[in-house]
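What follows is a single chain, given as structure tokens, in the form predicted alone.
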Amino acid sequence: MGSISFQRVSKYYPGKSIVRALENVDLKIDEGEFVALLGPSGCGKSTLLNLLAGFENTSGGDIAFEGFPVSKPGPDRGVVFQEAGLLPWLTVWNNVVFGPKVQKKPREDYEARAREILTLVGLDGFHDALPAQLSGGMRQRVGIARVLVMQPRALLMDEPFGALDAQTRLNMQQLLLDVWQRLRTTVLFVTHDIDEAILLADRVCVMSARPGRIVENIPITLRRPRSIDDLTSPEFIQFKARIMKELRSHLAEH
């Protein structure tokens, strides 16, 4: 449940000159593992996530989820983007239950879970609020709740906190740590923020500049449960120094 495999995955975009976005990417993610993809802008992090989500097809290689080839999007892989993308005319509650309603699931199958998840992401009392009445961080909480109510077996997160201010971002990182600790869903998390990657992940995969490939797999052995207090620990700083060195060395190659 929730295992992911990339085998020699490549992605090219045609044009006057072919853009080689990804080349020979190999990556295995275990059930319940939290993996962060980290690398320079344009290295193919989001492309790799989109391929796993089924939004695009590979140019070569194979992607499998739970042992089956990925060929299209599906509710087993929930995607959280940088912008929550809420429907502005719907309340928080109706945004969260929109997916199960569209799938015509019986109310008893999702209502209790939706209430539980809204509590889990700290949105008790905001069921009737419209997106325009919420802060950016609260809108992103709704976006996360909307995905979790579908009970995905993997959560694909593409810089979900990138548009938030620094303090809100820290709060959302702590929220995600708490939610993941409770649910233990498999997570592939795209970020360019070194601190964020170390704080959240079991493993940080460092990608090279384009064409993107995974050049380092770094297990993050900080104790769990974690909190934002870990950002200043000596162990955290050692991981940060190592990852910065890796990023610099591979950028220098280009």
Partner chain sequence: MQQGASVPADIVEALASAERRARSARRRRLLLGIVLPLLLLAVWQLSGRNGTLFGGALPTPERAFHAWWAWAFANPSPGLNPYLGTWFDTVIFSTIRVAKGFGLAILVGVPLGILVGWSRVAAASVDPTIQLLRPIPITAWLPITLAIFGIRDFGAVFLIMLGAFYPIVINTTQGARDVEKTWIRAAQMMGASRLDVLLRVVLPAALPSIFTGLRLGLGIAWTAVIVSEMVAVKSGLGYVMWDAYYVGRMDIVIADMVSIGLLGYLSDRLIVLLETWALRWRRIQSFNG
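Just so we're clear, the structure is a prediction, and the values are computed from it rather than from any experiment. Heads up, when I say rigid core I mean the largest set of C-alphas that superpose within 1.5 Å between the two forms. Positions refer to the first chain, counted from 1.
The next section is about a form of this same protein that is not shown, the form predicted together with the partner chain.
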| query | finding |
| --- | --- |
| Residue among D30, E66, E56, D62 with a heavy atom within 4.5 Å of the partner chain in the predicted bound form | E56 |
| Single option in N50, S208, T191, T185 placed near the partner chain in the predicted bound form, where near means a heavy atom within 4.5 Å | N50 |
| Triple contact flag P40, I214 and P219 to the partner chain in the predicted bound form, non-hydrogen atom at 4.5 angstroms | no |
| 4.5 Å heavy atom contact, F81 and the partner chain in the predicted bound form | yes |
| R141 within 4.5 Å of the partner chain in the predicted bound form, heavy atoms | no |
| In the predicted bound form, V92 touching the partner chain (heavy atom, 4.5 Å) | no |
| The partner chain contact in the predicted bound form: L175, any heavy atom under 4.5 Å | no |
| The partner chain in the predicted bound form - contacting residues of 69-89, heavy atom within 4.5 Å | P73, G74, P75, R77, G78, V79, F81, G85, L86, L87, P88, W89 |
| After fitting the core, P106 CA displacement of 2 Å or more between the shown form and the other one | no |
| Large Cα shift (2 Å or above) at L87 between the shown form and the other one, core-fitted | yes |
